[in-house]
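Let's start with one chain on its own, the form predicted on its own, as structure tokens.
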Amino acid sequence: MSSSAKADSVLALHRFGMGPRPGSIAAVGTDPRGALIAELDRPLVLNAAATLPSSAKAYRTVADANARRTARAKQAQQQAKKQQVAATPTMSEDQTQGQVADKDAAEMAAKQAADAIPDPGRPIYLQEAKVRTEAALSADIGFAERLVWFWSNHFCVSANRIQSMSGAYEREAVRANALGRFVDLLLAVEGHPAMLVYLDNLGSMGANSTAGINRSSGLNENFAREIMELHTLGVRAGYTQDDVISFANVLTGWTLVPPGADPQHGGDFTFNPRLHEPGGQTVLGKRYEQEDAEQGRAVLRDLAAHPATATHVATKLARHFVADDPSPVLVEQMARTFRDTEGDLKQVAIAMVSSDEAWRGPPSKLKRPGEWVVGMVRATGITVVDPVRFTGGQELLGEALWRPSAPKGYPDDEPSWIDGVGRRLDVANNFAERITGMADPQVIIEDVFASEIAPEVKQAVSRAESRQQALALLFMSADFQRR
């Protein structure tokens, strides 16, 4: 393989994949574009997915544990109060001080009883993180995994709101549709209970719905607004506040089955007609007269087919993979493919890697923390991770797994991440210290990267005072941090 072919393979692995790992350059071969496209034909499955609970099952598990915690706390508090009454002295004493002490003791007993039942949400989250990360570490190239990560961030939810469902949501809604049609992905994510929780749609009700009249409660516009602004059309795409309100009314009734009401189906999506605003609605100039959840699905189908959605999606994909300011030619090529194929996401991805515009220029785009960490670990050949350590590192670097600070997800531009590069040095040093006995920086340079490393980096590594320092210098180099 020529030096230029090796350089193209390394660029393919960095820009579109998860970074080089032992044997990956050979897997790419002399046709990096063809190798990337070929990976999209393989099933996007997780080997250990069968061991993970569905989102609804995870939700019920946490809800059941919380119910038991509450019950135990109440029992302990009641028992403490009974004991206090029995022990109340008949002699005169400072009653106020005694009542405060009794209350504190009862509250402490309640807390101890509740804490005796562990929260199952955290272990579920960690297991999901482990399976997801190890899939990225073991992938030959990782292009398909990167697409899953992209769409998961585009249609983000937050584990701060719904920890038990965050990983299952990605598996069920995103991974299952990441290489299919955009409309199917859109319907899957917007109808997933995790999204309904995250964007506050569970209690949204129309003013003229049965629940709205009886409870005098109101409409929540969050869900409709984020679908239009972030998920489909993009900002300044021609919709109005009236469109948002009408769409929010369309989406009333999209909720989930309460776990306490149905032990078998709690946490599943359901349409509740008591919450739904009756009658037709006009969104973007079109009237929708459908009943029940089909009204919302009809609007989503039209949003998926809107020309502005094609441009918005193509721009975000090109910005994520190629450049902060992607070539307009590349964006239009991808948007045209989106329109011509009715949103076939595999074909859009193929159009991206097939375009010469996507390969122009050196690796200059700063990797997000998650990509950098996975790339660093991949280079060593490690394929098994400690999810506690990994998620802790992600949080330290500002990209906590499934925990974006806002519905727009984590940003894809350099200014948002450049100030955190200093923290990466701490992570690189710690990782280098742990693996210094099993990873040789020269082997990584020569075998994993096929010597396609900048000369100044090779020199710095060769002059390092220790193997740990050499590894840290290598991990912090532009060859690792940029794509």
Partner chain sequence: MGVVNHLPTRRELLVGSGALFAWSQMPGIARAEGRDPRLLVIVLRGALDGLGAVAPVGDPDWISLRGDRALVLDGKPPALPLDAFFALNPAMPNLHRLYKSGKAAIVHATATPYRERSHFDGQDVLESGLVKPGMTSSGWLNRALLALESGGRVDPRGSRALGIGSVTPLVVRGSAPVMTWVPQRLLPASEDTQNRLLDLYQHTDPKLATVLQARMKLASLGGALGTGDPMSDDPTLAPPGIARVRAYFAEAAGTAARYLAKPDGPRVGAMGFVGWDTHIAEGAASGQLYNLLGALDGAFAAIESNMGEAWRETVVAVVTEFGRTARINGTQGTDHGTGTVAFLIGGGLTGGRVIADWPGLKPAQLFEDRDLKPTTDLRAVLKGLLRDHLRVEEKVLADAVFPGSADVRPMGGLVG
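Residue numbers count along the first chain shown, from 1. Only a predicted model underlies this, so the values are computations on that prediction, with no experimental measurement involved.
In what follows, reference is made to the form predicted in complex with the partner chain, a form of this protein that is not presented.
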Looking at 220, 79, 282, 341 here, can you tell me which has any non-hydrogen atom within 4.5 angstroms of the partner chain in the predicted bound form? 220
If the cut-off is 4.5 angstroms on heavy atoms, which of these, 295, 309, 204, 164, is the one near the partner chain in the predicted bound form? 204
According to a 4.5 angstroms non-hydrogen atom cut-off, is residue 388 in contact with the partner chain in the predicted bound form? yes
Would residue 160 count as touching the partner chain in the predicted bound form under a 4.5 Å heavy atom rule? yes
Contact flag, residue 323 vs the partner chain in the predicted bound form, heavy atom cut 4.5 Å: no
Verify the contact flag for residue 33: yes if a non-hydrogen atom of it lies within 4.5 Å of a non-hydrogen atom of the partner chain in the predicted bound form, no if not. no
Select, from the options 328-336, 233-241, 346-354, 138-146, the stretch whose residues sit within 4.5 angstroms of the partner chain in the predicted bound form by heavy atom distance. 233-241
Though the partner is not shown here, which residues of 411-429 have a heavy atom within 4.5 Å of the partner chain in the predicted bound form? 413, 414, 415, 416, 417, 418, 419, 420, 421, 422, 423, 425, 426, 427, 429
